[in-house]
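For reference, the chain that follows is the form predicted alone, supplied as structure tokens.
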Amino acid sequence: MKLKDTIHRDLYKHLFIVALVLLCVYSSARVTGAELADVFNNLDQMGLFLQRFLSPDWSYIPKIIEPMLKTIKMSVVGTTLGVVFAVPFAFLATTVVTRNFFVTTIIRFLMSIVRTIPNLLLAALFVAMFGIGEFTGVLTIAVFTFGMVSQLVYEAIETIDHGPIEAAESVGATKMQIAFWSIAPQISHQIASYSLYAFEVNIRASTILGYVGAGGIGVILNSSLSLMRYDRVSIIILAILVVVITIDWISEIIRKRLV
């Protein structure tokens, strides 16, 4: 029996992929000067880290409740502000509404600039401008949400049924009336769905924003790491995991009901 007639018919392809991966790893190590031996030389440190990390400090839970609540509040307020500004800009970012290519191009260009800035960099910029605190976190989340939701909404507008728009135009409706009565009803459930999705993303993102001083649970996560209190780091990560899973679960239920 030939090899191609067996379950190992892709053996040469798999061997080629493995060889290619090994070559990439070896080349990367040579270029960066990394030494695999360093991993084994630090086994003691790794063992010490895991020993502390796998022994969560349960008594630390009461101290992370307030920062976690601040993180959730930051996400709620930031997401709400971002969506409030994103929706009108999304309407202006499509010729389905404006019928003006020039206006649409400018709005999309501005939205593209916002989307190109990572939220961590945004947080660092806002910390430099407004200082450390939850306000900076809210601003960062709002701008990030604006960039994400505005794009999703204007793309949704471009896929709607144009029949109600043509009917409204035939009776002399203004652009504002068309937006409210012909377009908004067709995408309202998508706006709600995108808002919930943005909220989920922001909960995860806001835990990282604390690293640059944007407030919330990330601040004590960063300080615990700096103090090498890995027993506290593990309990903070567990708390974040519980909150994210809970919000994902609630969000999924709401989205299913909206659909």
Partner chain sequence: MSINRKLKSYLPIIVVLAIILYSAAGIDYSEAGNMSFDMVKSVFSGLFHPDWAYVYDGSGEDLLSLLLLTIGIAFLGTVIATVLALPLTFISAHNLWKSNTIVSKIGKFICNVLRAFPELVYAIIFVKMVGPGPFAGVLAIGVHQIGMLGKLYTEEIESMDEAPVESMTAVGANFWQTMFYARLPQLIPTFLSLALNHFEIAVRSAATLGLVGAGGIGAPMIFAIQSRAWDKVGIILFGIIITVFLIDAGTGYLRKKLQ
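Numbering follows the first chain given and starts at 1. If you superpose the two forms and keep the largest set of C-alpha atoms that fall within 1.5 Å, you have the rigid core. Every value quoted in this text rests on a predicted model; they were computed, and no experiment measured them.
Although it is not shown, the form predicted together with the partner chain is what the next lines describe.
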Contact flag, Thr136 vs the partner chain in the predicted complex, heavy atom cut 4.5 Å: yes
I'd like to know whether Ser170 contacts the partner chain in the predicted complex, with contact meaning heavy atoms within 4.5 angstroms. no
Would you check, heavy atoms only and a 4.5 Å threshold, whether Phe85 touches the partner chain in the predicted complex? no
In the predicted complex, does Ile237 have a heavy atom within 4.5 Å of the partner chain? yes
Of 95 to 103, 127 to 135, 154 to 162, 171 to 179, which is the one stretch near the partner chain in the predicted complex, taking non-hydrogen atoms within 4.5 angstroms as near? 127 to 135
Please state whether all three residues Gly33, Val77 and Arg115 have a non-hydrogen atom within 4.5 angstroms of the partner chain in the predicted complex. yes
Going through 226 to 250 from first to last, which residues have a non-hydrogen atom within 4.5 Å of the partner chain in the predicted complex? Met228, Tyr230, Ile237, Leu241
Core-superposed comparison between the shown form and the other one, Ser55 Cα displacement 2 Å or beyond: no
After superposing the rigid core, is the C-alpha displacement of Ile245 2 Å or more between the shown form and the other one? no
